[in-house]
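Coming up is one lone chain in structure tokens, specifically the form predicted on its own.
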């Protein structure tokens, strides 16, 4: 088999420890310690009774794939952090391994990092537990039982997801820090027993245990065997922030060197002996199937191996990608039709509007009584906002490599849910899960798109039907037109103001219920509120998009609150401060952004500032945007970003994610729009689905605030505030309110 079967993500050391041997048992072991082949494995926590003798026997091979733990230690003192999240440019391997190394007092410079394998017993139960409990302290006597229940649930859900800004705030706090601290305790206990001294007389540093009184020291690896015989503390004491040496310090991203020198393996880099190439074409109108295909000319083209009618798409397998693509383009294909075949963008939003008028409403958030609260109001403000479908626009197109034969399947791809993808392939190919392997790779962008395994399923199906190992690569057109889009949403808003211009009521209704639920809520102190949703489905494929529903509702809420400020004749920044008076953490973030963005200071003619603040994924972000309208279209020249994630594990990485989220959200605000023509997606490539270019990127300054709040996310919270901040700035310079995105082609005109 080719070298692709032997690849795994390793981002600190280039030297491999040997080829993979055999298959890993699915029997459980996450919880205590185990030694075999000189390796100590610790995963905290699960019921200690879940140890298995067969696992010890299995690990005695080369000890490379450990499906049982977040950290292993070899007798040569090699420490490996096993990370249950995929790396797609967000720097999560760096942050999570630092959290483990911090509590373990491991030598950061000598730490190895691998990505957890796609196995049921490596389902990410700490993520499920932390989400379910909200990080609340759980009594020790029920903690192992809770872990057992959460592992069972995580297995059932095939939960190994990277998304929702959960990696640091859930896996980091609930698994990595705990595993690091528990491992350190085990090693100290083993050393104390060996040296016949008290644990309290020992100290640790850089993967070493020291007993200063006797001038003795030993490596972690030298105590691995003895430590494995001890039961770990499932709730070890964690360090205070003042004692951190790694967390909170700027750390170089461990995945960057390989990406710079070209040695990093992405999904599209997989190679398998005898591999052929494939590409596909699904119906332009989502949900329709192949009605007729004439493949005679395509099958006669040089290098073409086979053409396949796969029901809901057509696939071509060839010696090379370009040959497959040319053959696909030459096919004569008819797809079935449906009522969706005539649907236009205008008709879709007309449907949404009718739903808001007549549809059954579901209450999402409620406080007080809006009807009674509006009695005697001095003024009523109403507005309608809309946002379109958005594509993910990953730089690396959708791709996967598959080899299905002899009752087995091997898959190589970048995915945000390795375990879920593996199990989906097993089900689709009607194979036992034990006979499906999945090798993960770096992802060239994800943003939620690679949480859906459709491309891996297609690769497996084409491999099976063609009889070859197949690397499937979607064209840029297919990647754009067969995305799972951020939902398009129409929202209506109404507020009543008192004589001082302060809101008495807030009402809103919108057409799409997504997640999380709190995205559509408001943080402002408005005594009476009613937030409702109606169901208005379309045939278009939908999926999670960076910051999910916070991106739509952040724009809606922060734009409408600005309208209320204007109607009250008040400054948007001061108006927000007044409505957030009972939320000091929000006030600090808002004030920091205003100061960083020089709010209130004079600007050149044709420029203005806008402000917004959004909490998402437990991180509060405020942004002040400076917009130049002298050219007729909004050009963002500066973004001041203040964020409070509770604590930034890697400040450099967190700042990079704020910048990334701003650029991603700015692209959507200015250009992003997927439209329907005849039921099909009209956009096809970057010429008509524009991306913010380097010469358009603004200067971004970021300040990170620390608070006593639990750790929040970093990958997504930078995105929601940018669109409303830009829209508010445009209004401040032109007097024109932007209630529809994107801002391109709105005819705003140059500022006079």
Partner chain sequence: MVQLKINGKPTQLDVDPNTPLLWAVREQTGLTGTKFGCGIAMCGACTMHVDGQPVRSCSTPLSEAEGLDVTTIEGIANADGTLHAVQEAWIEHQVPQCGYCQSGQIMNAVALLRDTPNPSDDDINEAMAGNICRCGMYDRIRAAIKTAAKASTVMGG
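Every value quoted in this text rests on a predicted model; they were computed, and no experiment measured them. Positions refer to the first chain, counted from 1.
Not on display, but discussed next: the form predicted in complex with the partner chain.
Peer 1: Only one of 419-427, 471-479, 328-336, 208-216 gets a heavy atom within 4.5 Å of the partner chain in the predicted bound form; which is it?
Peer 2: Residues of 471-479 come within 4.5 Å of the partner.
Peer 1: Between 532, 528, 607, 659, only one gets a heavy atom within 4.5 angstroms of the partner chain in the predicted bound form; which residue is that?
Peer 2: Contact with the partner chain in the predicted bound form is made by 659 alone.
Peer 1: So which of 381, 230, 268, 367 reaches within 4.5 angstroms of the partner chain in the predicted bound form, heavy atom to heavy atom?
Peer 2: The residue in contact is 268.
Peer 1: With the cut-off set at 4.5 Å between non-hydrogen atoms, does residue 632 touch the partner chain in the predicted bound form?
Peer 2: Flag for residue 632 set to no.
Peer 1: Can any non-hydrogen atom of residue 581 be found within 4.5 angstroms of the partner chain in the predicted bound form?
Peer 2: No - in the predicted bound form, heavy atoms of residue 581 and the partner chain never come within 4.5 Å of each other.
Peer 1: Is the gap between residue 710 and the partner chain in the predicted bound form 4.5 Å or less for some heavy atom pair?
Peer 2: Output for residue 710 is no: heavy atoms all beyond 4.5 Å of the partner chain.
Peer 1: May I ask you to check whether residue 107 falls inside a 4.5 Å heavy atom distance of the partner chain in the predicted bound form?
Peer 2: It does not: once the partner chain is placed as it appears in the predicted bound form, residue 107 has no heavy atom within 4.5 Å of it.
Peer 1: Given a 4.5 Å distance limit between heavy atoms, list every residue of 636-669 close to the partner chain in the predicted bound form, or none if there are none.
Peer 2: The stretch touches the partner through 652, 655, 656, 657, 659, 660, 663, 664, 667.
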